[in-house]
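For reference, the chain that follows is the form predicted alone, supplied as structure tokens.
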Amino acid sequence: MGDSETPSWGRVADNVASLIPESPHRTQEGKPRLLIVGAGMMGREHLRVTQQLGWAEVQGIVDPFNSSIEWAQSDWARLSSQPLQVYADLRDACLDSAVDAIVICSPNHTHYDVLKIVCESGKPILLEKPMATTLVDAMEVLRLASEYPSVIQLGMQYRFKAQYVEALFEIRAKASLGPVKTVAMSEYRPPFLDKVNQWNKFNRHSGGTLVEKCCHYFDLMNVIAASRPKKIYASGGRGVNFLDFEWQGVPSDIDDHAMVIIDYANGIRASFTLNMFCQELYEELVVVGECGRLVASEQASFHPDTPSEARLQVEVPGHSAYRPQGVGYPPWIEETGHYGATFFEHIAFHRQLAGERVDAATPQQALWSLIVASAAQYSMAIGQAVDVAAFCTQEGVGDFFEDSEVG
């Protein structure tokens, strides 16, 4: 992690410092009680974060799969001596007066149907990404959110990764880089992990690789560009992973690599590269402005006991990070999941429960990320560049594209 034994720099340091025990959010009184909908891999991560963070209690979980419930109970036994309540019915769980807020982390293709039931409760909601697998369903989610009496936060937790916290602060300040001209992001990683019923190996359940895996990155790129995507071209497909894989007699159709080019209406040009048949994890964001270049990167691993190594570099004369600086959260935070991003996503959610304004993804921003991802998937399928306005009209979200702003 660079030259520092405990990497912590700039805004990341401020975030970590805010977690001192004296913080009013750390008191034992008035903790919100969470219901976790979906007890798979992400559900168990949310259980872990609540216990590490200590700002909320887990009232219970609900999941239709006994195997997921058993895994969650096993994890919970290592986290707490208290029993973990298991609800048999989603609607009953949401309407339980003991539940204060709800975290939805069920498989992608269930998000809209689950949300419709959860919204009957009127309680604050944290909805995992992507908001839906189709733009039609996403528009319905947005409609529900516009009429909803409480907060609906979208799970774009990569905004809270240490290197992107620093990068977004630098870019928004505009003091060093100047006006942004180009944005490039990349991810190199191993294949999709196993999920219940292998839902993430199929486009109809995941929305496609660029929706399931990459909406995080498109969200960040949209935030940086602060403009409507105008034209998208994507090339990619299936090269190595799951070529002969079947589940219940149905062959996998999930893509494992892609390259995406985005033209934004304000002239910013962006690109994204994905490769999912690598041994280790590597992410990089490169933003170039009139005055210099910013590089935010992370080397990580799926292997246990391997910490991430995140860095920030701002190639502007006189900048304190002209040479790469190590950034990151303390190990006890990074170990909670997604290298600390989910931890700070929960902090943002809890602050929203207290009425504070936070920099967490809104349903509108999540829909913009889904528009980019879906248009890129479509471009790959047809082998041509896609006019985003025309694509949105074709998919039934033209009014949103014309009437809404990114940001």
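In this text, all values refer to a predicted model and were calculated from it rather than measured experimentally. Residue numbers run from 1 along the displayed sequence.
The same protein also exists as the form predicted in complex with a small molecule; that form is not shown, yet it is the one meant from here on.
- With the partner left out here, the small molecule still marks one of 376 to 384, 361 to 369, 63 to 71, 348 to 356 in the model of the complex; by a 4.5 Å heavy atom cut-off that stretch is 63 to 71.
- When the small molecule is considered in the model of the complex, residue 216 lines it closely, a heavy atom lying within 4.5 Å.
- Within 4.5 Å of any heavy atom of the small molecule in the model of the complex lies no heavy atom of residue 252.
- For the chain shown alone, residue 171 is not a contact residue for the small molecule in the model of the complex, no non-hydrogen atom being within 4.5 angstroms.
- Contact annotation for residue 107: at least one heavy atom lies within 4.5 Å of the small molecule in the model of the complex.
- Site annotation in the model of the complex: the residue of 264, 242, 158, 272 reaching within 4.5 Å of the small molecule with a heavy atom is 158.
- Of the residues 257, 228, 195, 231, just one reaches the small molecule in the model of the complex with a heavy atom at 4.5 Å or closer; this is 195.
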